[in-house]
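As a starting point, one isolated chain is supplied in structure tokens, in the form predicted on its own.
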């Protein structure tokens, strides 16, 4: 079955602009065009778009999704370990990001805990003073 862009987008809960974006970035290409020039997508294109959306939902970037699509379309040329390596690399990147975010949260907690939070003027606000200074006083680094 062939789907026009709007029908496929609606079927998968995305906008037509999202499909165009994936096309522009080389992740998806319509199988063909109608006589009047409309993009037509096949069931295989729908499967590819579903693959893209699932990969995006677990945090893969467009470049990583492109690589995953290549692996998927050329399964015979790759080992399962190649795919696992890509997933494990992504996990490591996410773990690093989580650590960074936790450090930010700890620093923000230190700032918040040091502030009285009262109604008085911010002239002597400990948060602003810490940000104006080197931050070392509260364990905040540049």
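Residue numbers count along the first chain shown, from 1. Every value quoted in this text rests on a predicted model; they were computed, and no experiment measured them.
There is another form of this protein, the form predicted together with the DNA, and it is not shown here; the text below is about that form.
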item: Any non-hydrogen atom of residue 90 within 4.5 angstroms of the DNA in the model of the complex; value: no
item: Contact of residue 66 with the DNA in the model of the complex (heavy atom, 4.5 Å); value: no
item: Interface membership of residue 61, the DNA in the model of the complex, 4.5 Å heavy atom rule; value: yes
item: Proximity of residue 20 to the DNA in the model of the complex, heavy atoms at 4.5 Å; value: yes
item: Interface residue in the model of the complex among 44, 33, 97, 54, criterion: non-hydrogen atom within 4.5 angstroms of the DNA; value: 33
item: Residues within stretch 35 to 54 having a non-hydrogen atom within 4.5 Å of the DNA in the model of the complex; value: 36, 37, 38, 39
